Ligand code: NAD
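Shown here is one chain on its own, the form predicted alone, set out as structure tokens.
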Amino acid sequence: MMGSQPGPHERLLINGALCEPSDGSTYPNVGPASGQTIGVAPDATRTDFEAAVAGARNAFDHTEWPSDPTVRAAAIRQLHGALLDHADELTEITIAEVGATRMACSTVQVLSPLEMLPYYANLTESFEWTTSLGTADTLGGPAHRWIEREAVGVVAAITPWNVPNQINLAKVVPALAAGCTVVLKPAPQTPWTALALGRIINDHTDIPPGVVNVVSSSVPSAGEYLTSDPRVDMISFTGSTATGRLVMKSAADSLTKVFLELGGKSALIALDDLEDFGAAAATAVFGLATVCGQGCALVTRLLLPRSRYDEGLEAVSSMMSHTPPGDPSDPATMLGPLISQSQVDSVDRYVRSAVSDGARIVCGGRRPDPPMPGFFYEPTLIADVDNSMEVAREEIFGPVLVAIPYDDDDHAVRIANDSVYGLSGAVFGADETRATDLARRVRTGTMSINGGVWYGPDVPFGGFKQSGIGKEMGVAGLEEYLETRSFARPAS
């Protein structure tokens, strides 16, 4: 396991300068694989947050950044090259502070998110910033009308700890492409990934001072410094639904625009015409392992046909038995640690509540034995779950799947839609037409059919109901950071 080691000396990025907090304070960064302090991070004060907002405000109001797409596209390509050059460093930081496996860093945790940069650089150049509506007869005579799209302004980007590189970039890059300026506040548990991004921007790109600011804090509520600041034009938040509600309330005072990507309790429906459940089980278990169950879009409710319920349970539990937790720095490890001891305790409480409610643990359901240092939990399958149980309705955010039997397709759809969330989902079936028709009936923002992968820089991501407001990535992800203005002048 990874033990105590010196961490990188990361600094805040405020208005084009790498700096220490105004009072010089730091806080410990704890490595999930060891449970030990691996270094420190700058602990910003309110003064630092206010300086970051002031820098972003000045850069938006008094530089050419918002008005020149060509400059922005070149800067994003420059940042892409710099991040590729530092990919190995970002991988080591992500393994250390997130507990992400080396395997996950080769995909969703580090390398895959970098694909966003060339996509948005190209989109910045090809996007229709001005659209003619032609000439129309009006009360004032013939008028030529057109639409212009421009940056919303200063963006406060508040990100979580589960896939920090991906979410940091999914907010910062489209915002930059749109012409916005940004203050990025990472989660207290994963400051280094965001601060490293700030350092790379400062040292290796021509992005003007103040366009990107990165401010870390040990105080979870420090985001309120941004959400309540009237100089901020938009809040882009990813995190829990409960915190999302607080963000909306804080933004309401100034009617600040919000983007919210929140929770999920997505269902995987395995249809009764499958030859076997291997592919469905692999999608659920391998997806779970990639982020140790700490992902909002994971399929964590397994809806299995009652007539083949035991067969489905066996397929999933067998795959879990070949996915033990281990050292995330080992290239062979698929399942790493949870982010913290409090997260381990929370996951274990959910598992105990399921048993109290009458469910059955098929495998896992405990910390590793013999004990491992760090914040590990065995991959867990809970069977005989009713959709009214707490474990079927709330995000567990750990390596836990719950299995629910269903009677027919209509019953499966009712169970899948019986949730306050609507973020993602999956359907597996031998008859592709039947599987696709059923998938369309599940009210979610993204849906995989027979293992199809929807994730990509060009694919909008966001959910229905309490899973959030708005879309991230794709053209829709750029448009979140834009305002639309309409103009008219007398036709000549």
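All figures in this text were calculated on a predicted structure; none of them were measured in a lab. One-based numbering along the sequence shown.
Although it is not shown, the form predicted together with ligand NAD is what the next lines describe.
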In the predicted bound form, residue 84 touching ligand NAD (heavy atom, 4.5 Å): no
Close approach of residue 224 to ligand NAD in the predicted bound form, 4.5 Å, heavy atom: yes
Distance check, residue 261 to ligand NAD in the predicted bound form, heavy atom within 4.5 Å: yes
4.5 Å heavy atom contact, residue 185 and ligand NAD in the predicted bound form: yes
Three-residue site 159, 240 and 296 fully in contact with ligand NAD in the predicted bound form at 4.5 Å by heavy atom: yes
Contact residue in the predicted bound form, chosen from 412, 167, 177, 403 - any heavy atom within 4.5 Å of ligand NAD: 167
The single option of 395, 384, 233, 150 touching ligand NAD in the predicted bound form, heavy atom within 4.5 Å: 395
Options 360 to 368, 323 to 331, 240 to 248, 271 to 279; stretch whose heavy atom lies within 4.5 Å of ligand NAD in the predicted bound form: 240 to 248
In the predicted bound form, residues of 410 to 428 near ligand NAD [heavy atom within 4.5 Å]: 423
